[in-house]
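Read the single chain below, which is given as structure tokens and is the form predicted on its own.
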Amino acid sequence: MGLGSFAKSEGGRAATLLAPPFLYALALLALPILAVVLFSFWTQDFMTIDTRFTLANYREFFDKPIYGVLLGRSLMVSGIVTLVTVLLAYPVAYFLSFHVPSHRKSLWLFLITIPFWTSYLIRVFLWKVILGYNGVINSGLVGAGIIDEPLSFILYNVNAVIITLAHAFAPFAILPIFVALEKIDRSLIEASRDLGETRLTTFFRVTLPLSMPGLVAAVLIVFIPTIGDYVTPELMGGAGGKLIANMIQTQFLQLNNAPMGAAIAMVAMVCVTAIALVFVALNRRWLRGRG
């Protein structure tokens, strides 16, 4: 068999192996997004969908302040959740990578993934019990004499949404950071210490830059899904904690206006994509500057 026929057979074999997952991803990802894009340029009058091209939905989005307020609040909440989650996840991942013996790391990772054993909805309801007016926190503080009456600002507002989302997405931030820290060559850290650097300067000049890929992955993994989360704001946010995802759900399921919901989803998707691309570009520029 000649080299050309061998390459052709290898290429055909690779194409055969890649075709099913590619078609599967196309059917479950690309086609639904295409459907949302098409719907955003249509209109709907109760049960009748007008498929004529129009920008009316996008004009309504930018004309009515409520949509901008919800989108801004969603971006703010997602940004805070991402910041809090990553700041809390990095020390945990650092401890696992540098201070836990190798034979115990699997056990610790196993313990971190335990929350995934329960339904996301159940975890949200558990936080309602913890943060409730007569919940665990308020009952404990009142019983200890720290406060005279239960706190009312920790549930059914944005604060409750942030706390619940930060807990829910913590494992998603810990794992990529841990993987990045595990890939760091320990001899580089030892060389830095041998050259007279302190633990703190070694962390900022060696460990942190080398773990940046995991940090970027953690930020994106947390930031992007929280924009589209509507269960937590619905159950924990109250009237003042609704996010853009709740408006999309309302348009689709309650107002029966799928085109408007699709338009809102497209605007949110474009905003999130733009922010993610800018963040990745700034990170690459920072890394090149250090190099």
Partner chain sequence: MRGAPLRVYAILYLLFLYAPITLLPLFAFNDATIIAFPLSGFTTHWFTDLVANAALRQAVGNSLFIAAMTAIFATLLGLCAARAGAMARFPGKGGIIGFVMLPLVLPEIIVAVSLLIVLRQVLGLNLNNWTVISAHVLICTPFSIAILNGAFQNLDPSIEEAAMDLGESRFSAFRLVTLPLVMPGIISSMLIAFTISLDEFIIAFFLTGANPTMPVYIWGLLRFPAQLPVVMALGTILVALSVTLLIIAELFRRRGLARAGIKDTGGFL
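Numbering follows the first chain given and starts at 1. In this text, all values refer to a predicted model and were calculated from it rather than measured experimentally.
A second form of this protein, the form predicted in complex with the partner chain, is not displayed here; the remarks below concern that form.
J.: Could you tell me if residue 56 has a non-hydrogen atom within 4.5 Å of the partner chain in the predicted complex?
T.: The answer is no: residue 56 has no heavy atom within 4.5 Å of the partner chain.
J.: Given that the partner is absent here, does residue 60 sit within 4.5 Å of the partner chain in the predicted complex, heavy atoms only?
T.: Residue-level check for residue 60: no, no contact with the partner chain.
J.: Given that the partner chain is not shown alongside this chain, does residue 81 nevertheless sit within 4.5 Å of it in the predicted complex, heavy atom to heavy atom?
T.: Contact check for residue 81: no, nothing within 4.5 Å of the partner chain in the predicted complex.
J.: Does residue 228 reach the partner chain in the predicted complex if we count a contact as any heavy atom within 4.5 Å?
T.: Contact check for residue 228: yes, within 4.5 Å of the partner chain in the predicted complex.
J.: With the partner chain left out of view, choose which of 200, 121, 188, 147 has a non-hydrogen atom within 4.5 angstroms of it in the predicted complex.
T.: The option sitting close enough to the partner is 121.
J.: Specify the contacting stretch among 206-214, 148-156, 173-181, 69-77, defined as having any heavy atom within 4.5 Å of the partner chain in the predicted complex.
T.: Every other range fails; the passing one is 173-181.
J.: Taking the partner chain as it sits in the predicted complex, which residues of 233-250 have a non-hydrogen atom within 4.5 Å of it? Please list them.
T.: Residues within 4.5 Å: 234, 235, 245, 248, 249.
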